[in-house]
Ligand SMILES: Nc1ncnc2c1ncn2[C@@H]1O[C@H](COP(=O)(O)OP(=O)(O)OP(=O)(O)O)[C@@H](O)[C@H]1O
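Only one chain comes next, encoded as structure tokens, the form predicted on its own.
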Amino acid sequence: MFHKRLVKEFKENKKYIIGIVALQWLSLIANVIFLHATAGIISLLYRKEVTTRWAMFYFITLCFVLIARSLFNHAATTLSYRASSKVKIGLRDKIYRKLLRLGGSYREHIATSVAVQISTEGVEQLEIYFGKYMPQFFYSLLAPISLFVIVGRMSFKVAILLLLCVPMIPISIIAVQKIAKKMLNKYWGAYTDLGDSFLENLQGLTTLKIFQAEKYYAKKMDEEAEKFRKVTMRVLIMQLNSISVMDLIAYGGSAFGILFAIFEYQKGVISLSACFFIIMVSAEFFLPLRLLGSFFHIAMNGNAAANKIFALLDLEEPVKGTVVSVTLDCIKLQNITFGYEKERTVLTDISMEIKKGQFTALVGASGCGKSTIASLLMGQLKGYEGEIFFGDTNIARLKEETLYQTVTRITHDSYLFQGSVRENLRFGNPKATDKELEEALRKVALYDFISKNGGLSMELKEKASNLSGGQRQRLSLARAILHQSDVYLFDEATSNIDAESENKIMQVITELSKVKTVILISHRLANVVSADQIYVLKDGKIVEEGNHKKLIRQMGYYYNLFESQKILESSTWEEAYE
């Protein structure tokens, strides 16, 4: 009934659960006192022996019980909130820290949508699990035993009958549990699949509209939604059927107890007061377990959600380096072989040396492995053969913070956050002054535009959608410059932008290469002409290396690529001016 690991992870919640159960039990005792007083006053009314003193006593008892139950319920609700909030905060903190430890490689193990769902809906399920289900479980065991002792003093036979009927409810719960377990796993699977599709379609909505494919993907999503609806309805039907069975047992058992109490009264075994008390209290034997049964789907959902959360938390983490400083005279890749899948190798026996202060370029056709090398240099990919050295230090030994301070990667889709220009730039250097921020904007030829639109306080929309593609890229470059890294890795940083922005970015890269180690990955070979060293990749292998002049003289693969691009670009310009 309980997820053992979940209970183990939150041992500190035991005190809250014990407190909630104790308060529920006190509330039950207060209710028993009230029912006992009510049975007594009804007996007196039947015998016409009610006095003002008895009426006053009953009124005081009623007030006491109402106040006491109100206080107990309020205190129990407070403890329930504390228990559940600690679980929410604790689990989300664990998930967040786990994702941080996994770093950028987390997407190799889990989809972003799944991570979002288990940290939101999944955690919400466990909030109810700890705050409601667990206390109710223990209370539903304690309540019938307490009532058995109380009723047994009046009629042991009736008490035994009621107590024997009580276990029928947990037996029915266990029977349903076996059926429900697989069904709820299917429910969570369908739920996460639907969330994954929704997120992907939302992110790619513009592309779907451009290619008029939105109807096809809407149909696919409708099919997944229908699958989720059917699974959800099966879960609800199961829950309703289980509730019906529990109601039948609860109220049927209570009816048996009431009838037996009436027979006992007719035989003169118990008094009229005791008979009324048993009639009123008989349902209390079953209601705690009946309520537990209604929480049953929460328990099953909680267990399913916990399994997914712990599957994430148990993912193998990359071994963290401890070296905090490195003498970076060069970066070496020695015999690197890597594949995203075992049966498909992306890089084969890659060896290269990037010297300090050197302008190095990686070129080749799309899919040749350029960006994979960039991800390896950023420590985002594991499971490769060979070794990568920063100076004399293996990249695996470098502390993550040291690596990210040493190398700054700028891609064509570097993320800009909603907020001011100042806030976005200070990601690069939190201590930078406004003067330093403005100087960085000048370097990327963006200062005049920003100044005319609010300066550093200019507000950016989500993903900086109020800037053009070229402006976004230049702002990302300004932020990177402020980071003051030893190595700058430009991964297709000039893709999908206008020619003017591309030229300005290349000017900055060229200037930066005079004082920093620059690695440029570019599909456009005209951008790498001034590089000190060019590595040419084909099908995941280095087929040529050298500077532009040397490679042109060889008239090999690079030469053919360069000439093809030159002809293509010139014909494009000619067509544009015809």
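Here the structure is a predicted model, which is why all the values come from computation and not from measurement. Numbers for residues come from their place in the sequence shown, where the first is 1.
The same protein also has a form predicted together with the ligand, omitted here; what follows describes it.
Exactly one listed residue, out of Q125, T372, N424, S84, brings a non-hydrogen atom to within 4.5 Å of the ligand in the model of the complex: T372. Scanning I395, C368, L446, V487 against the ligand in the model of the complex with a 4.5 Å heavy atom cut-off leaves one residue, C368. Note that among 111 to 119, 359 to 367, 141 to 149, 73 to 81, the stretch whose heavy atoms approach the ligand to within 4.5 Å in the model of the complex is 359 to 367. The closest heavy atom approach of R97 to the ligand in the model of the complex falls outside 4.5 Å.
At the 4.5 Å threshold, heavy atoms of L460 stay clear of the ligand in the model of the complex, well away from it. Shown alone here, E264 lies farther than 4.5 Å from the ligand in the model of the complex, counting heavy atoms only.
Taking the partner from the other structure, the ligand in the model of the complex has a heavy atom within 4.5 Å of a heavy atom of E492.
Contacts to the ligand in the model of the complex (heavy atom within 4.5 Å) from stretch 325 to 351: Y340, E341, R344, V346.
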